[in-house]
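A single chain, nothing else alongside it, follows as structure tokens in the form predicted alone.
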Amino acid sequence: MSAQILITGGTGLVGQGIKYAIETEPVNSHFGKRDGEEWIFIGSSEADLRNKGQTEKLFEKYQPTHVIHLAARVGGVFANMARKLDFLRDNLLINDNVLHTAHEFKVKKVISCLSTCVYPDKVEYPLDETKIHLGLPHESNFGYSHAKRLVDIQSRAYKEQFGDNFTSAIPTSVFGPHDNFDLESAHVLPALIHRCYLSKTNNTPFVVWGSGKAQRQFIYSRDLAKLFVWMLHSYDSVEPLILSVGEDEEITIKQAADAVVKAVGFKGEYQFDTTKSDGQFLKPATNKKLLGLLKDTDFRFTPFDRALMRWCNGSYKTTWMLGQASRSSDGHGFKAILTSQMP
């Protein structure tokens, strides 16, 4: 019987990264699909995973043997701060429906996607896989973080009570092709790129929200995708696994903005709006456990500057030259044009 691997959230940033890996990595390699596997990428247009009935119909249709669960209500720091209850309720419903339906359909393995924002705001650094539940998360993403933490609790409960092979991955800040550029909900890098592009196009100052001093570990979505494929085939512990570049590669938002200015070719005025929140100031995570597990593979992370330049040049260069991107502050038209330029 062939393996049916269902990717929820498969049309998004990480899902499309995994699809790229499946299409380009050598078959039967550490980071590629295996013989007899069918990979199915579904988005919210196919099922509202907040609805148990629609979730069950989705599983009935595809009969998955394995699930990589990426679907979530996500957004940047300001969206999280404004709609904490929405982020909590929607993610609680999505996660409970997916995990319980996977249990009912006797799915062999589920990997759910968490985030380093689930970690306590006050904790000894670096973050590792043992520190998720040692205190309250940062106030800026309180609802989302609590909902995501419960995925770890649920996975452990299914494992202990029923023996289900459910586990979780914990990426740091992800960026890459098929990202969300909507200024109201985007994460930091696509928001910076969109604002910088608009400033370049309209000859206005490029304003970065916050002080620029907050720090983040950025992982390229196509690197992360390879790790998810490897994890599906090679990692069976219920213990979550941090998927990240090393803590020594954490950079400030100012450094990220500098890299965006260079990639976009912006030459104008550049300033910080310190009336805006920095969000969680830092959250360095160690990838020591991951590197130990990968020691017999040839995996290498793509350096941040190289990944950002590759992403920008590959995705937007033609759009910038032709001046076709939306000049409005509405990110939807911008996103539609940029994704059409993906190599």
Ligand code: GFB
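Residue numbers here begin at 1 and follow the sequence given. Predicted model only: the values in this text are computed from it and were never measured.
The protein also exists as the form predicted together with the ligand; that form is not presented, and the subsequent description refers to it.
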| property | result |
| --- | --- |
| One stretch from 229 to 237, 161 to 169, 128 to 136, 189 to 197 that, in the predicted complex, holds residues within 4.5 Å of the ligand by heavy atom | 189 to 197 |
| Answer option from C113, A147, V245, I253, heavy atom within 4.5 Å of the ligand in the predicted complex | I253 |
| Interface residue in the predicted complex among E46, D278, E37, E56, criterion: non-hydrogen atom within 4.5 angstroms of the ligand | D278 |
| Non-hydrogen atom contact S173 with the ligand in the predicted complex at 4.5 angstroms | yes |
| Interface membership of N80, the ligand in the predicted complex, 4.5 Å heavy atom rule | yes |
| Residue contact check: I94 to the ligand in the predicted complex, 4.5 Å heavy atom | no |
| P120, heavy atom within 4.5 angstroms of the ligand in the predicted complex | no |
| Residues of stretch 208 to 242 in contact with the ligand in the predicted complex (4.5 Å, non-hydrogen atom) | V208, W209, G210, A214, R216 |
